[in-house]
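Have a look below at one chain only, the form predicted alone, in structure tokens format.
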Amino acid sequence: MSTAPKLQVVYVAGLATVQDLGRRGYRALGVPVSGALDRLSAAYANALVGNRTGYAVLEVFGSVRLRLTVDAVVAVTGGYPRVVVEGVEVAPWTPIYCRAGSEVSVVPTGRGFVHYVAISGGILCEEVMGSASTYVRGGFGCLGRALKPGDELGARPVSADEVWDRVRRVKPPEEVVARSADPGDPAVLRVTEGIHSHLLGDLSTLLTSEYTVTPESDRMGYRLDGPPLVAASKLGRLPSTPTDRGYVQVPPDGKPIVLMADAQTTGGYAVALHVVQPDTDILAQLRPGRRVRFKLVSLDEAEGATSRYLAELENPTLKVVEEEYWT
């Protein structure tokens, strides 16, 4: 998709990709959904700059520095990173008016793990199967790879002044920021029983133990270390079944893996639990070394939480603050 560059990548330390809310309808062909790991943070980033929540944003693990070639409104969400515009530190989770030529730096602080950068108009780049989300393993979506210095991205043409008039006094609810920046230690993930739970006689181990996010975690799945499920070693590999984001697989070593945005579409490991959809966002913000616990909830509670979450993804709740807040 051809458009004048409005966002230039100056520096990257870590992993930065373009993501939206994912591609739907192609799992039967073996194509992962992909999209933002922390979907709610991505949706709020878009809402804070006046975009539709499904527009593409930058997803960043680590640090990034960007240069704007046009006036634009920018927002940084996910965790609570340090945001610097032209040498001045500004708050994340708020709209920021940036003049053409400005450089925006995002640096992690240890509060949260993955951050999102939205620009007014939304990032425009090549879509594959209806989504700009980058699936690095498959080499498609947007540039088909992680971003590197020198990359240039376009955005839909919008008036920064008009957008600023609409968003300059809005902010997200405090609980949304807190959920992303510090979900507690251990973080509690609500779950329901998985399709193979009846085959795991020691399933209670998962529900009564603490686990630690390991460095082997990635966008495909978060690997957890802790007490193993001995029963899983006796099962071996089962016939492949459909899998999805939030499925808790247990391979023969008994250590759980929570599938995430780039998860495979089928798998042969036992599925012990299903993490409730909003809580996969919480897990996404846990860097290696953070602790988690699983909490079994009823199907009614899981469905209610998921329904509210999906509604918020479509229409994030923004509060209007007093004018003095910005002065």
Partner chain sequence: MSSDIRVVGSGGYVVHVDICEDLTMECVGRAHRLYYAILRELSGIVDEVVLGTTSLAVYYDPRRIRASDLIPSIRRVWSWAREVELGELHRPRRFTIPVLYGGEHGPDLGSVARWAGLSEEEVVRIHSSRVYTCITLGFTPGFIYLGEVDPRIAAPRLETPRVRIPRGSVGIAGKMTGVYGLESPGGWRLIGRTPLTMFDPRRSPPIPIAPGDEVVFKPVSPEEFSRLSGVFVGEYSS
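Predicted model, so just to flag it, every value in this text is computed and none were measured. Numbering follows the first chain given and starts at 1.
As for the form predicted in complex with its partner chain, it is not shown, yet the points below apply to it.
Heavy atoms of no residue among Val90, Glu152 and Val321 are located within 4.5 Å of its partner chain in the predicted complex. Mapping the unseen interface onto this chain, Thr317 falls outside it, with no heavy atom inside 4.5 Å of its partner chain in the predicted complex. When contacts are judged by a 4.5 Å heavy atom cut-off, Ser105 does not count as touching its partner chain in the predicted complex. Mapping the unseen interface onto this chain, Ser63 falls outside it, with no heavy atom inside 4.5 Å of its partner chain in the predicted complex.
Within 4.5 Å of any heavy atom of its partner chain in the predicted complex lies no heavy atom of Tyr222.
Though its partner chain is absent from this view, in the predicted complex it lies within 4.5 Å of a heavy atom of just one residue from Leu207, Val188, Met129, Val84, which is Met129. Proximity to its partner chain in the predicted complex, taken as a non-hydrogen atom within 4.5 angstroms, holds for one residue of Arg293, His274, Arg67, Arg290, which is His274.
Between 163 to 171, 76 to 84, 108 to 116, 192 to 200, the stretch whose residues reach within 4.5 angstroms of its partner chain in the predicted complex through a non-hydrogen atom is 192 to 200. Contacts with its partner chain in the predicted complex, taken as any heavy atom within 4.5 Å, map within 262 to 301 to Gln264, Thr265, Thr266, His274, Val276, Gln277, Leu299, Asp300.
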